[in-house]
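This document contains two forms of one protein chain, each encoded as structure tokens and listed individually as structure 1 and structure 2.
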Structure 1
Amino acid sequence: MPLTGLQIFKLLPNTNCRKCGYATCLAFAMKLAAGREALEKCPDASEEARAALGAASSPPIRGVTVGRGPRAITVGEETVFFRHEKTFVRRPGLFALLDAKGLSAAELDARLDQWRDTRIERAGETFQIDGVAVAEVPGSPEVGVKAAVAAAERGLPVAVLAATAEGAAAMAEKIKDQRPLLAPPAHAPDGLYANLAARLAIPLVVSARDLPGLAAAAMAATHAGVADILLEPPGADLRALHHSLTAIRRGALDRIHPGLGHPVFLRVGAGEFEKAVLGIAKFASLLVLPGYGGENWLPLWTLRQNIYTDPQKPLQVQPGLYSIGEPHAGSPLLVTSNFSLTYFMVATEVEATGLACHLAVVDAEGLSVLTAWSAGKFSGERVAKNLRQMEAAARVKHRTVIIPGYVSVISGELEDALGEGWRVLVGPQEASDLAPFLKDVWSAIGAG
């Protein structure tokens, strides 16, 4: 169990030396207990304290990395049961299932190239396929080996979905330097696979028919020398699976059994979209998804983004002067906040008009326009300062800036802050009204 602030305080030197940046050792201990500081900030901590605090402060769920290089994915290291308690640390990895049986070399290359190059930008995050789960083809081990090698060569993390110990060895040996994940058949005897994973120093998936058996299997793999383990939860239906996923997370956080302190691996079969949703919502760390289609992947990516963003940090885009279309010096200059939803609503509506525009996204600390104004983060002075930093004057000749109608009250202050030659035009309150506004008002004033 994690130590309390007072328990940590008793392990510290209690000199109130302030070397850690806090006035007292007690204040520092409270920050350590909350997980907001690191013990390394206390240079006088004893080895005994470091050992005790290191064990107590380590994440209850071990982190596991699959793959190498820029696309390597780390899962685990979670510390809370509910997202709003603090935040979820690692978003689950979504791996595409690859059955290379019957694929020509050209077809295999084309599919892997497509998966590698798939990129969709949404609300400041890049959606992409996190890795490839290569299924062993029984009777044709060379097919799986070629597919695994081809995926690894493209820098994609690989999960080896084994059917036999021999096939698993053939595939994993070829790409061991790329740190693949070895996933034996569900409920298969773990001995051979655990020895293989230990020898190759790669992560291993363990499974069992019930939770006590799963925890025992994880401990057996650890004793066999496997350092990194993922748990495949039992569950014949969604209800049973929900129970298993929940029990594993709760057992890990409460440190009920060391065999439960590992990330979770989940196979999703064809037509099991609800299972994928359950896995993302309820603590699965790495999911294998069949097929590839935007109708399946896009909603799952979006669900994952909504759940795994930090609730303490508003979803926001980078402040700056954005181009919608190909604007010129006479194109409209609009202002909005850097709250992601606000930005994308405004950008989408402007794009729909077909009129090229400059869109100044002001740093409002991720708040919507009206909320930011209420908090003093969308004032005339602040907007003017942002426009100067963006060098907006060099981008437009008309010196006219369009502000959201909800903050018309800042128009006078903004004009004064921008200086002589500038004028402020109050736009509509709703983004959906931008099209008629730009068509009727902007064209009528002749600023363009």
Structure 2
Amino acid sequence: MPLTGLQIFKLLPNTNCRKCGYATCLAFAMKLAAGREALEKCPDASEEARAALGAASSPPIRGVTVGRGPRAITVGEETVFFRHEKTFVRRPGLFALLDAKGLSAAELDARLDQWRDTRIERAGETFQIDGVAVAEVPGSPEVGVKAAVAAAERGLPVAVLAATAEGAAAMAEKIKDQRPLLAPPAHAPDGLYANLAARLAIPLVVSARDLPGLAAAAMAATHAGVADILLEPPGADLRALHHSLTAIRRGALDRIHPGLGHPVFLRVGAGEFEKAVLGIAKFASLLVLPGYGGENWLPLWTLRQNIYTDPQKPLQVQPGLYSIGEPHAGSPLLVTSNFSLTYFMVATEVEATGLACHLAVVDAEGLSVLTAWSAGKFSGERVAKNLRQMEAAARVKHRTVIIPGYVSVISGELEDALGEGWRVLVGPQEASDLAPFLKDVWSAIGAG
């Protein structure tokens, strides 16, 4: 149970000496409670405080790193059950399955090059294939080894999907310095693979038929000397899988069993898109997906992006020029901020007038109009720049822009910044007054 600001404050010296960089111990305590500071910054904290905070802050789920170098990926370290409580910490890794059987060396290289280089930019994040899950090819162990080495050489984290202990050893041994993840076949005898992972000091996937078995297997692996463990949850169908995923996360957070405090590994087969969706939403930390296909990967990447964003970021609307109804070049052009509630209020009211409008949603960093203006984020300059970016001039011929009444003070500056030919009309302060405003003023000035 994390401590609250006040509880932590009571543990601090309360001398307000500022050595931590904060004006008061309470300010520091609040940051600690929010997980945005480390106790080490207070040189005078008592032993008791350290002990209390240490216990409360050791992560209930361990972190595991796969791969080395710039593309190494760390998963786990989650602290909550619901994303609204606190941002989920580590985006799950999405690994592409590589079955090298029958691939020529050139084909293998081409595919791995392509995977390494795949990049899609979306909303501030670069989507990449996080790693390659190389399947052992039974009967021809050298194929898997070659593929694993080729992937590792490209700096891609590798998961070794073993079929046999020998095959696994051959593959993992070759790239052990690249910290591959060792994933034994389902229900493999316990000790065999654990010893291998321990010897090579690489992370290991453990699995079992049920949850008690899984927790026990994780404990056994720990005892065998494996430091980094991933849990492969049991579950024949989505319902059973969901149960396992939920129970593991809950058990880890409640610390009911040390064997549950590890990230989760999930294999997704062809045609199991729904399983991947559920896994990303519900606590899977490393997923193996059937080889790359944008129609599957793009939605999954996007889902991961959504689920793993900071939930406390104010709800913002994408800035841009929105259409309410089907506006034409003579329809009014209104400006508002991208704070979602403001946007929804304005959009609802405009819609209620039955008059089609262009609604220019300006990037005001998610603040309401008045707050944004007070903080200089809704200045004439800035609004003008936004309007230019969204090419508002091309959408209306009347060159009249209606700004919220609260910021009429920017009208002169905005008119200047927009340049010749534009005029700024000051609308009402309240969205609820938009209807009469549009009816009276807009029709009266005949701009349409």
Partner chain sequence: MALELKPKKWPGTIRTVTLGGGRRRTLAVGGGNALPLHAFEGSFPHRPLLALEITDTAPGRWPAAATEPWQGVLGQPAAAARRAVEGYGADLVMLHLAGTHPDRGNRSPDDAVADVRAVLDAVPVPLIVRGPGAGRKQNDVLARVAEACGGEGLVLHSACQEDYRTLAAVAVAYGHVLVAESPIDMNIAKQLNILLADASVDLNRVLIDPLTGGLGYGLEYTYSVMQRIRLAALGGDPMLNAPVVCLAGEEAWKAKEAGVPRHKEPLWGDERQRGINWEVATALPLVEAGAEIVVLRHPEALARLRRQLDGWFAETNRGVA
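Under this definition, the rigid core comprises the largest set of C-alpha atoms superposing within 1.5 Å between the forms. What you see is a predicted model, and the numbers here were worked out from it, not measured in a lab. One-based numbering along structure 1's sequence throughout.
Discussion item. Just to confirm, one of these is the form predicted on its own and one is not; which one is it?
Written reply: Pick structure 1; the other is not the form predicted on its own.
Worksheet item: Quick one: core overlaid, is residue 329 moving 2 Å or more at the Cα between structure 1 and structure 2?
Response: Comparing forms between structure 1 and structure 2, the residue 329 CA shifts at least 2 Å.
Worksheet entry | Flag for residue 174, CA shift 2 Å or larger between structure 1 and structure 2 after aligning core | No: residue 174 shifts by under 2 Å between structure 1 and structure 2.
Item to complete: Could you tell me whether the Cα atom of residue 67 shifts by at least 2 Å between structure 1 and structure 2 after core superposition?
Response: The answer is no, as the C-alpha of residue 67 shifts between structure 1 and structure 2 by less than 2 Å after core alignment.
Discussion item. Superpose the two forms on the rigid core and tell me the Cα shift of residue 421 between structure 1 and structure 2 in angstrom.
Written reply: Reported C-alpha shift between structure 1 and structure 2: 14.1 Å at residue 421.
Worksheet entry | Distance the CA of residue 13 travels between structure 1 and structure 2 [rigid core superposed, Å] | Here residue 13 registers a C-alpha shift of 6.7 Å.
Worksheet item: How many angstrom apart are the two C-alpha positions of residue 379 between structure 1 and structure 2, if you fit on the rigid core?
Response: After core superposition, the C-alpha of residue 379 moves 2.9 Å between structure 1 and structure 2.
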